[in-house]
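Okay, so here's just one chain, in structure tokens, the form predicted alone.
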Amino acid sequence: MSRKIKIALIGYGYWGPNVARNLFKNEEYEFVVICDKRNDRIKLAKKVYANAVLYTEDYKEILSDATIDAVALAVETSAHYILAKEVLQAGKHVYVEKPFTDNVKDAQELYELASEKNLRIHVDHIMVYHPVIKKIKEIINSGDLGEIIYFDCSRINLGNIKNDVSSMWDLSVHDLSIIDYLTGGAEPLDVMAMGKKAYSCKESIVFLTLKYEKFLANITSSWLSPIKERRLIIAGSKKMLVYDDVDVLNKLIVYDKGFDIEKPVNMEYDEFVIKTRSGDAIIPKLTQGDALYNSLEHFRQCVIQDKESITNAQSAIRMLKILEQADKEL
């Protein structure tokens, strides 16, 4: 497909305006329609885009337009399954916000439908497209960290409490997507979770612990914190790193810290000495880029080149399996 991709957006609420802005900015897309069932949101969109796009309150108009190649969904999670299914049945590629669906069964059905129709599903696990995460992937692949021992993820803040999903489904899914991407789709052997409901019918704070074959992962998500934290620590057998998304100046630091094992010749049996190592801290050079723009561009490339997205339905299903299992623990 060499021509521009014609794409429509369904949903102009919380996240929709961000998707719209990045679609409009990418000149390789032909952004044609914004849809929202609420007229007040349509009015807001018109103030931004005027006559540059068309507007509708009925998404069926988009489905029936044979000239539209793809649809971006920026709606509540509970609506993902039915809308994505109708988009695929209409023969269109689909971009959908995270989480993909609210259960594995529906996600699996969408995956099979897309495969049957040779259509692309791209789930916007946005952190995978963040320049820092791509850099961390390079560092891990280079062997600089050695063997991964554990991930420690913290995604906490005050507010933005939701009732349709828990803090785990809203926030921890970001960290699950990062771990999935960095480890090449590793799946946990054991899932443990504890949480508490406060100010919502869903858990507002969740402590999620995962045991993989070769490493552990601890993931904290909370809407009840007095501070905002978006932090990832990865400990390797050679080096360790910290990614702090809230830190404006030094988002990523690689520490030459760890342990050296020494076994002097005169030592008997299995005696050995473990010494801590504390070397330099390196701040890698990072490329600039907008994660959402990168995600939408990757989706476009997948449609053009007829290839699977990095964050396709199968990767999303791996994460949904973890979330469903954690829900049983909760």
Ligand SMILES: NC(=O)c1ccc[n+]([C@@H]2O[C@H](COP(=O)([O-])OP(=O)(O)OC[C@H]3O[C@@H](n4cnc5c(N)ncnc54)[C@H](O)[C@@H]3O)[C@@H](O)[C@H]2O)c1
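Nothing here was measured: the structure is a model prediction, and the numbers come from that model. A residue's number is simply how far along the shown sequence it sits, counting from 1.
Absent from the display: the form predicted in complex with the ligand. The rest refers to it.
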| message | Is it the case that residue 69, even though its partner is missing from this view, gets within 4.5 Å of the ligand in the predicted complex, heavy atoms only? | response | no
| query | At the 4.5 Å heavy atom threshold, is residue 126 in contact with the ligand in the predicted complex? | reply | yes
| query | Is residue 121 close to the ligand in the predicted complex, meaning a heavy atom pair under 4.5 Å apart or at it? | reply | no
| request: Using a 4.5 Å heavy atom cut-off, state whether residue 320 contacts the ligand in the predicted complex. | output: no
| said: Just to confirm the contact call: exactly one of 138 to 146, 213 to 221, 107 to 115, 92 to 100 touches the ligand in the predicted complex at a 4.5 Å heavy atom cutoff, so which is it? | reply: 92 to 100
| Candidate spot 180, 188 and 298, all three touching the ligand in the predicted complex (heavy atom, 4.5 Å) | no
| said: By the heavy atom within 4.5 Å rule, which residue out of 74, 156, 235, 133 makes contact with the ligand in the predicted complex? | reply: 74
| query | Going by heavy atoms, what in 7 to 29 lies within 4.5 angstroms of the ligand in the predicted complex? | reply | 10, 11, 12, 13, 14, 15, 16
